[in-house]
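The form predicted on its own is given below as one chain in structure tokens.
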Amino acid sequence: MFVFLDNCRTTKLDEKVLDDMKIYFFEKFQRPDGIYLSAQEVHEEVSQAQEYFAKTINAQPEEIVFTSGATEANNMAIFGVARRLKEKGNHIIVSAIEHGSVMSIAKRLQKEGFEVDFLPVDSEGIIKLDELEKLIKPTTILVSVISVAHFVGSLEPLKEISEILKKSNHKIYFHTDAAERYAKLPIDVEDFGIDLMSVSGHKFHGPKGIGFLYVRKNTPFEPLIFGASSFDKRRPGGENVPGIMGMRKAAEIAFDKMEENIKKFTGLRDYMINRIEKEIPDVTLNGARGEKRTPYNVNFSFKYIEGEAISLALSMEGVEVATGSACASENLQPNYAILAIGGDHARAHGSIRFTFGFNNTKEEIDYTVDKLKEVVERLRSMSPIKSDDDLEKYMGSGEELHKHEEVDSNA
């Protein structure tokens, strides 16, 4: 059996989506900025897609900007507002568990002279609202908090964040990376008070290389790239029309089954958590439980062994999962999200993330847990660390711990 449980990284394209996209490769292949009739027909359909996406988040069509995905959208949103408003303020707040793209942007802004504070989270991976209030300054211009903690699966209190920002005596713009929430859980930009929001199509069985950025009307915004006239001057260049239409189809399928999927995967999530906690000793659930956790994420740390080794061993059994950060699992650095929730290096290195796509089944979850039990037992029997005392000894020596990592990663 093959089981893919790294759907937070990407998802399998729905065949219905591909069918819709083919039309825009071979028949309606024109760019929407042409003046001839066939191009104007494409323009109308792209505009209708813009209207559709706006409707799904309670926005206006002109507030939707198509991008290559959430990473580009994050760059457009944060750089766009920060650089435009630098003369009014240079202070930005981002959460300590942002996706790597936002973390990279924050580091770049620091080099450009911006002051960046990293908002701490609690032991469940949920941002501390009282700390947010303390961090706000007269120079604060932007706050960026991810909608769903992409590694540990906790749902962030978006509405509460916006309410705090509204209390400030000056406008503070609110951005959220919603790549792991859009089309999976409801999100209303008006109700939540969101000014900018990033979305990626390949996170809900749409095509790769397409996404959108929501930019609230009248939000100060400086484009990242410049070019000739196009469908949207905020993001010039030839539009990925097949991608746009494929993303729309994927969203239509997802929203049509949203309630059904939420119920199904909440059950599968809790079923998997219960099985692992009952059947595998020395494990720690990372992130929140119940309603504070997305239905699509299960994350555990396994004592005395490396997550890299678990991932490789599971892969040999046909189960593919993530360890460490979704975009940095190739290195042995401790996962920053686990450290942010109070975990130590051993807990971070021993973490595994299982994330569901719309097609995963209970049979696949059972197969995964059965194989996981075998893998954990086998790796622990090979590990030089058998107890907390052994772990403390190894943690006390960076050189010895690194050797341990190499051994486990090659197991």
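Computed from a predicted structure; not experimentally measured. When you see a residue number, it is the position in the sequence shown, counting from 1.
The same protein also has a form predicted together with another copy of the chain, omitted here; what follows describes it.
The closest non-hydrogen atom of S315 lies within 4.5 Å of another copy of the chain in the model of the complex. Contact check for D122: no non-hydrogen atom falls within 4.5 Å of another copy of the chain in the model of the complex. Not displayed here, another copy of the chain is approached by S38 to within 4.5 Å at the level of heavy atoms in the model of the complex. Among heavy atoms of Y271, none comes within 4.5 Å of another copy of the chain in the model of the complex. Note on contacts: among P186, G237, P220, G89, the single residue with a heavy atom within 4.5 Å of another copy of the chain in the model of the complex is G237.
For the options N75, T139, T284, S168, the one in contact with another copy of the chain in the model of the complex, meaning a heavy atom within 4.5 Å, is N75. Residues placing heavy atoms within 4.5 Å of another copy of the chain in the model of the complex fall in a single listed stretch, namely 207-215, out of 292-300, 207-215, 168-176, 259-267.
Looking at another copy of the chain in the model of the complex, residues P61, F114 and I127 place no heavy atom within 4.5 Å of it. Residues of 79-98 placing a heavy atom within 4.5 Å of another copy of the chain in the model of the complex: F79 alone.
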